[in-house]
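Listed next as structure tokens is one chain, alone, in the form predicted on its own.
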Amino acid sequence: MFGPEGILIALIVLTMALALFLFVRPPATAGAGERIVAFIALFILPALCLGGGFSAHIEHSKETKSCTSCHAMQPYGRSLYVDDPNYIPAAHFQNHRIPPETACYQCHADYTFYGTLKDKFAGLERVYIQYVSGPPKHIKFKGRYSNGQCLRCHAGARDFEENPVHQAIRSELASSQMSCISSGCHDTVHNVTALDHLKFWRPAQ
């Protein structure tokens, strides 16, 4: 059975074969039926390949290994192995509170290419920075981290709902008026500037 990527590859090969055939044998488009085939081969199939390729790349970009393949993101990937339960991303990643294969996407899925149209343009800006001007030495998150990314998993969970601190500020958390990662709460996130002085967890092979 072909998977989605296998189907896409087969479609690309078919498109190229038909386009090459039409290029080598222009008389093959003499009849009305042949022109329809030519239109499909030269316009419809390439559009399907483009759409399928874009979709496949978006799915691939959700993988943790895709995010951490960028040099600028490697310290953030390394921070997932910090041996300290106070490091929120590390604790979630190591204890499989989120799928480790898509750890970055699980917590950052509401902006850049995964967010609104405005966010997608911001994502394109980041692509430009990565490949043209070069990433900054210190990456700073623009805007405010939405509590919705936390609450979509934690809301309804017993240990969250029965926590008296959470109960006292439940409405502020739901509206993001107070951030989950604000000072005094879960405020140790990636903290990549301190990595050289920390102990790391090594998963069993």
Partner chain sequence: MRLVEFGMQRLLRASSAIIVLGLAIELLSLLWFHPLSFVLFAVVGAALIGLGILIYLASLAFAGTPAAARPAGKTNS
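Positions refer to the first chain, counted from 1. Rigid core: the largest C-alpha set superposing within 1.5 Å between the two forms. In this text, all values refer to a predicted model and were calculated from it rather than measured experimentally.
Absent from the display: the form predicted in complex with the partner chain. The rest refers to it.
When contacts are defined as a non-hydrogen atom within 4.5 Å, all of E5, P46 and S69 contact the partner chain in the model of the complex. For G148, no non-hydrogen atom is located within 4.5 Å of the partner chain in the model of the complex, even though that partner is not displayed. E63 belongs to the set of residues with a heavy atom inside 4.5 Å of the partner chain in the model of the complex.
Within this chain, K142 is remote from the site of the partner chain in the model of the complex, having no heavy atom within 4.5 Å. Residue contact check for F39: one or more of its heavy atoms lie within 4.5 Å of the partner chain in the model of the complex.
Just one of G156, P26, G33, P136 comes within 4.5 Å of the partner chain in the model of the complex, counting any heavy atom, and that one is P26. You can rule out all but one of 174 to 182, 161 to 169, 148 to 156, 54 to 62: in the model of the complex, only 54 to 62 has residues with a heavy atom within 4.5 Å of the partner chain.
Scanning 130 to 163 for heavy atoms within 4.5 Å of the partner chain in the model of the complex gives just one residue, Y131.
After superposition on the rigid core, the Cα atom of V37 is displaced by 2 Å or more between the shown form and the other one.
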